[in-house]
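Below you'll find only one chain, the form predicted alone, shown as structure tokens.
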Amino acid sequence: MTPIRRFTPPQRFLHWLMALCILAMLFIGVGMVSTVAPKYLTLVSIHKPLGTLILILALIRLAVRLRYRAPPLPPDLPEPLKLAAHLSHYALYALMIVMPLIGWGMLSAAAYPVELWDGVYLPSILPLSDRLHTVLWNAHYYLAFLFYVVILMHVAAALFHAIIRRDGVFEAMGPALTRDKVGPADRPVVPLQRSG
């Protein structure tokens, strides 16, 4: 039996930590567009440092991914699905990095401070510009919907591999409890024995 090749422990830890952060961020984002002050201000005060944390974690995760790579996809996975898997991962990494940067730039263009915690602020990265602020606000808003779609596709693909194909892809990023399982392609074929 060949054990499933898994992501490294740092990769798995970063994946699940970021999943929690991004899920929280998406709910906070929905709350921000559907509420008014003072709850809006509370959500914004969480949104800014959480976005900064996601950016930092995404950059660390990208460095770890480049260092350790990813386990290979199952050889029997159709080529269009392999391509979709690669493209969706590029999209996820791009959005995890670009979304916080756009938010930071948008706030900089409007001269809104990005406070991480009491008295600690990020520097402004763009000049003051109402036009630029509007462009970046729209980009941040619409890319958030794209982020939702990509995340839903990612979850659907994970469930497809876990429930339908059972090919070890889900277990590669799953909890350590699944480390000894093997996928169908790894199971040895045992010939039937004829009696008598």
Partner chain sequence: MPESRRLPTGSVIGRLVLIAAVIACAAAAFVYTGGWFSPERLTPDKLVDALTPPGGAPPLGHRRNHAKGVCFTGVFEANGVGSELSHAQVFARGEYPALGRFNLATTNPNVRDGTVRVRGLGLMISTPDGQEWRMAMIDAPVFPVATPQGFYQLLLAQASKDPNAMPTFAKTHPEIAKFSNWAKSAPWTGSYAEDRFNSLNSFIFVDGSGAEHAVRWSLLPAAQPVVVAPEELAKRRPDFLEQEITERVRGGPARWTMLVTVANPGDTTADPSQPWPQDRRAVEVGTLVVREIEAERNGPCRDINFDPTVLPSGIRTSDDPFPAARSSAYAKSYDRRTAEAEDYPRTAPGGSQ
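Keep in mind that what you see is a predicted model, and the values were worked out from it rather than measured. Numbering follows the first chain given and starts at 1.
Keep in mind that the form predicted in complex with the partner chain is missing from the display, and what follows is about it.
The partner chain in the model of the complex is approached by R166, whose closest heavy atom lies within 4.5 angstroms of it. Within 4.5 Å of some heavy atom of the partner chain in the model of the complex lies at least one heavy atom of H133.
Taking non-hydrogen atoms only, L159 approaches the partner chain to within 4.5 angstroms in the model of the complex.
Among residues of the shown chain, Y40 is one whose heavy atoms approach the partner chain to within 4.5 Å in the model of the complex. L152 is the sole member of I56, L62, L152, I46 with a non-hydrogen atom within 4.5 Å of the partner chain in the model of the complex. For the options V98, A91, L81, A110, the residue carrying a heavy atom within 4.5 angstroms of the partner chain in the model of the complex is A110. Contacts with the partner chain in the model of the complex, taken as any heavy atom within 4.5 Å, map within 25-47 to L26, F27, V30, G31, V33, S34, T35, V36, A37, P38, Y40, L41.
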